[in-house]
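Below you'll find only one chain, the form predicted alone, shown as structure tokens.
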Amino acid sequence: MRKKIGLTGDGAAAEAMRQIDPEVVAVYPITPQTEIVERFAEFVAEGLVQTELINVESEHSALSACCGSSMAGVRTMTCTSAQGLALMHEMLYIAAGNRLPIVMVNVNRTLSAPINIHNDQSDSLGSRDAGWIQLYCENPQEVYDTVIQAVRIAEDHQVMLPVMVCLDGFIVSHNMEPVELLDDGEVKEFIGEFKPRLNLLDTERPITAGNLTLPEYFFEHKYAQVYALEQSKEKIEEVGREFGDRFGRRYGLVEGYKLDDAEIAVITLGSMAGTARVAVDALRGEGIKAGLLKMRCYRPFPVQELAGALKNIRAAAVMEKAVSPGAPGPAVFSDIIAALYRQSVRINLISYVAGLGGRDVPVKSIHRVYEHLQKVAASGEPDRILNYLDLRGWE
């Protein structure tokens, strides 16, 4: 029976994991992900799941255990944040390179130093080239829905890649909102039974995995992984459509808001999209043609979808909660420039780094970004490409 209850983003992730009931969850708690581990441990203790919960000594060990269980042919999940994801970095490549369909919930938190436990997206964006599918969630409802979809996406035999479901720490992970839960049976039917392509414990069909690959074949193995990641876009969209047809909430790679006739737009991912919508509504009330493009999928990068959504925009700002020191621009901004160039779409694009270390990004601040975009659209040329929102002393 479906029901609507108040849940935090962490609680929504844990509830989805309960309904999925994976065979193995290997975890190590870290703020602000800890609530997921705590709640799921309660489900295990109460007998609500049959999961083997493995408490390990570090995040590196957590993902190592997940790689082992996934190779053994069982449905596997984990969760982490920030320094935990950084400690997993070696194993991120192992999981993706071995085409292991692990689902990880990453509660976005900044990377030290200086030490900070609050939100930005430097952890997952810093892992963008590890070969994982990356999906970003705006609110607890989207967290719940995306964790369920992630299982279907990862385990599809045309994909067979790990999926990282990202939610902003504290802003989403610890704030409570109404979440509509599906019936347990509906979730089980939607995700289906796990049918692994790899099983090290199948003595009737013995295989080896993780063995040495010399230069003669490594290139081809890596390309197969890259090709699968690129092709997974179709599966992400297919699963999002099916989820919408069944349950009324449809998801794609990107999501536009009042973009059809917009002249200026903000592009962002995660919780900032919700705040930007409020700014868009206020500007529309003033007669300003503002819009928003939310990127739900960052890897694989939605080149055609993004270019198609922005082709009629005069000026746009990429707002992201991460920096790329020494690079021409932050990661998402640089990727969007490349995508637009590939699709021969010419718009005035500027970058805004915002919310580092958990700094608030209120509506009034996003409003200033749109004011900047109005000037860029009017002049036809950006006065400044790289910008840092609400940085003290910035002129």
Partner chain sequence: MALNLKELSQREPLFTGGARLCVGCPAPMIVKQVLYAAPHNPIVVNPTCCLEVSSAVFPYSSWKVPYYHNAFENAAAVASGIERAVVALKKRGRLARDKEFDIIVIGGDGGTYDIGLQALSGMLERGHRCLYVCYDNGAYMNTGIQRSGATPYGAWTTTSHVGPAQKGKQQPRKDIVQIAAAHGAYAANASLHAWRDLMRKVQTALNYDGPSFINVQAPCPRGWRFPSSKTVEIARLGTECCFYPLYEVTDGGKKWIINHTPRRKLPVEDYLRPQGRFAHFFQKGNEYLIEEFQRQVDERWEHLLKLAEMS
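None of the values given here were measured: they were computed from a predicted structure. Residue numbers count along the first chain shown, from 1.
Keep in mind that the form predicted in complex with the partner chain is not shown, yet the notes after this line are about it.
Note to self: Quick check on A209: any heavy atom within 4.5 Å of the partner chain in the predicted bound form?
What the structure shows: Heavy-atom contact with the partner chain at 4.5 Å: present for A209.
- At the 4.5 Å heavy atom threshold, is Q158 in contact with the partner chain in the predicted bound form? Result no; Q158 lies far from the partner chain in the predicted bound form.
Exercise. M71: heavy atom within 4.5 Å of the partner chain in the predicted bound form?
Worked result: M71 belongs to the contact set for the partner chain.
- Heavy atom to heavy atom, is Y257 within 4.5 Å of the partner chain in the predicted bound form? Result no; Y257 lies far from the partner chain in the predicted bound form.
request  = Could you work out which of N312, Q231, S324, T213 is the residue within 4.5 angstroms of the partner chain in the predicted bound form, going by heavy atoms?
outcome  = Answer to the contact question: T213.
- One residue of Q343, S61, T31, S334 in contact with the partner chain, assessed in the predicted bound form (non-hydrogen atom, 4.5 angstroms): Of Q343, S61, T31, S334, the residue with a heavy atom within 4.5 Å of the partner chain in the predicted bound form is S61.
Next item on the list: Determine which one of 344-352, 46-54, 364-372, 325-333 lies within 4.5 Å of the partner chain in the predicted bound form, judging by heavy atom distances; exactly one does.
Entry: Among the candidates, contact is made by 46-54.
| Honest question, do Q83, H89 and L111 all end up within 4.5 Å of the partner chain in the predicted bound form by heavy atom distance? | Looking in the predicted bound form, the three residues Q83, H89 and L111 all stay beyond 4.5 Å of the partner chain (heavy atoms).
Suppose contact means any heavy atom within 4.5 Å; which members of 181-208 contact the partner chain in the predicted bound form? E193, F194, L200, L201, D202, T203, P206, I207, T208 sit within 4.5 Å of the partner.
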